[in-house]
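In the block that follows, a single chain appears as structure tokens, in the form predicted on its own.
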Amino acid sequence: MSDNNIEVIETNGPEETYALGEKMGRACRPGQVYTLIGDLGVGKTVFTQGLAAGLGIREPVNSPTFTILQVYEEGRLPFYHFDVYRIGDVSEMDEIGYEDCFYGQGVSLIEWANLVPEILPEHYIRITIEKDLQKGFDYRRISVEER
């Protein structure tokens, strides 16, 4: 990471976004929390599928938009995939036991984490994915920031 703890990666297709996620998944350590911010259709699910593959998860990974949390236990670490886009109130996160995920031995990834800032741990890795259509339809600017 650079001096300001933000690394910017540019990808030019879903396969490159997936590969970045996979690389980060291979480096995951127990208890890591990632937040994933980006508009609809920007590639959050593709990145997440790569991260899961890097953890050794082979089953299909899709956004748990209606269930809020999907748990994958077949990889080298448990993977807790949250999608809080449709959450009505942050208390719903208490009901599903988010603290056990965030502070356990697995890896948590929270899509739309900007909607629940009050429950994020003190330290996490914030990933922001942005499009820039002037640079091409498949271009993505991915910022990785240690917080």
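All figures in this text were calculated on a predicted structure; none of them were measured in a lab. Start at 1 with the first residue shown and count on from there.
Beyond what is shown, the protein has a form predicted together with adenosine-5'-diphosphate (ADP); the following relates to that form.
Interface residue among 28, 57, 46, 84, judged by heavy atoms within 4.5 Å of adenosine-5'-diphosphate (ADP) in the predicted bound form: 46. Partner proximity in the predicted bound form, defined as non-hydrogen atoms within 4.5 angstroms of adenosine-5'-diphosphate (ADP), places exactly one of 35-43, 66-74, 116-124, 90-98 at the interface: 35-43. When adenosine-5'-diphosphate (ADP) is considered in the predicted bound form, residue 138 lines it closely, a heavy atom lying within 4.5 Å. With a 4.5 Å cutoff on heavy atoms, residue 128 does not count as touching adenosine-5'-diphosphate (ADP) in the predicted bound form; it lies far away. Contact residues in stretch 95-115 (any heavy atom within 4.5 Å of adenosine-5'-diphosphate (ADP), taken in the predicted bound form) are limited to 111.
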